[in-house]
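A lone chain, given as structure tokens: the form predicted on its own.
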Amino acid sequence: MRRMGPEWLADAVFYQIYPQSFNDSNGDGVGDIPGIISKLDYVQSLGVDALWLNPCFESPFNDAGYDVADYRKVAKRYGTNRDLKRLFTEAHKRGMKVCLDLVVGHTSIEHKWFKESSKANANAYSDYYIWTDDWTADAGNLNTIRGMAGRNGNFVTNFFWSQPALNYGFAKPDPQKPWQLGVHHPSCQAVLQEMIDVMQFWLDLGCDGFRVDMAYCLVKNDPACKQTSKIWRGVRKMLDAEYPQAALIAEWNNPAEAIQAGFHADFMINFDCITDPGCLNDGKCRDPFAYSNGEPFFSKAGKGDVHGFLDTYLDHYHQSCKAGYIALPTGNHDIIRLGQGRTAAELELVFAFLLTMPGVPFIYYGDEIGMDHRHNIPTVEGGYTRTGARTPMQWSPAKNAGFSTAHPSKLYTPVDPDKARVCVADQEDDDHSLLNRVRALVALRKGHKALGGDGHFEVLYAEPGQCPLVYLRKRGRERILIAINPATQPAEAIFASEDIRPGEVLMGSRVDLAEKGPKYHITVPGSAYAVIKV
């Protein structure tokens, strides 16, 4: 597949905003779109190019908005469609794009389509969702809910019980189960057209693209997602023709597959550790950051094996780099925060890595100041253990961390009660703060094409269970070497390369880099990194 699509995506850095937790403009304890607009200057100051907003549509919020009741209407608690259109306009004035979160695989049980589909009498929406033809029917490996509707059947769900799966058909319908429709069935095609219409609705209002939730889960019983991929290639064809500057970003967690399916980018995150029971069987942690899944590479102990991550990354990189981008995030609304158990200095190493890698980096709100994860707080809107990553943005030492003027009991989730909690105000004027180091790293990426999304990537040194990690980025005549040592002890690497000469340290610590015969030797201080023009 030839790389096409939005030019701006090639060197973009995204900032993810969880709307209900970012900034409350009206004092009701829940963040909103006017609150986001009022903080756009701050977001712009980070140097990012685009925002990703978690779902902001009408919903009963059984799953924090991932249970959509109306795709064309902003939820009242966030504002109005006019507010969202104004957010698009204000972001564009500042040179930033806005991508919305699109939940295509399921809706809420409160959606009008589902209410009609639930009726006993057949109607235009009866097959918009997947229903068995009898309430006693065996649905095989699909999750179903029974006894909730007037029709004589059970409906299939994708995630929570209140998220009925939209019907895009079955790749190989079972002839013994006539309720399994083929992908070309008129109702399945109608559902697909509904979603294309929703995309066009928001793109016409100024939206710049979509992050697609659970993008892989459309067609059922679909080995290797072949039929699902055909659907997305059709969507991509429409975008290329009608909205060539719109970005299509997958939550697929399989970049090689998702990008061949038509997406411009796909995330590579620690869901691999969560969903793969054998992830640690070989002693390797697939996630270079998360302590919850073994000893990560980015640990001051210096015992993590980067190959747990790197081998998988390189496999996907080599398969996809000519057609799209791997997206590496600092975290998101489903993941334990990066700041857990790490100092600002340790976090800077992680940002140095993420912001010098190929593809598209994503910064989760609050990670740029080192917000901590909050454990053992009450679940909110289906967050459960994920709720601790969704706490209010910490703007200042003021009441409610400057997030809201509401009484603390009214807040979407409780603010971190630690009096020493980090905040934006305390870091703004400190050149050495994490916030300002992140700004500097983003600016460094922007200032050097070799560090951008399309720059060539070559690993020079990555030994199992050892530090440092050394890699080369290049584009045109520019060559930049990055060396990262998370361990507290100095680390040495010896490697061969025909593309480098010892040069200027652009950012990070002074290191010893010397040519010795046919190879290079580099010594990196403990808990340090260096970005070197070579």
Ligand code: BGC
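Numbers for residues come from their place in the sequence shown, where the first is 1. These numbers come from a predicted model, not from an experiment.
Although not depicted, the form predicted together with the named molecule is the subject of the following passage.
The named molecule in the predicted bound form: contacting segment from 159 to 167, 348 to 356, 316 to 324, 194 to 202, heavy atom within 4.5 Å: Heavy-atom contact with the partner occurs in 159 to 167.
Residue contact check: His333 to the named molecule in the predicted bound form, 4.5 Å heavy atom: Close contact exists here: in the predicted bound form, His333 approaches the named molecule to within 4.5 Å, heavy atoms only.
Touches the named molecule in the predicted bound form: Glu58 (any heavy atom, 4.5 Å): No, Glu58 is distant from the partner.
Proximity of Asp213 to the named molecule in the predicted bound form, heavy atoms at 4.5 Å: Heavy-atom contact with the named molecule at 4.5 Å: present for Asp213.
The named molecule contact in the predicted bound form: Glu251, any heavy atom under 4.5 Å: Residue-level check for Glu251: yes, a contact with the named molecule.
In the predicted bound form, the one of His456, Arg151, Lys300, Arg386 near the named molecule [non-hydrogen atom within 4.5 angstroms]: So the residue touching the named molecule in the predicted bound form, by this definition, is Arg386.
Residues in 43 to 75 close to the named molecule in the predicted bound form, defined by a heavy atom within 4.5 Å, in order: Those in contact are Asp63, Tyr66.
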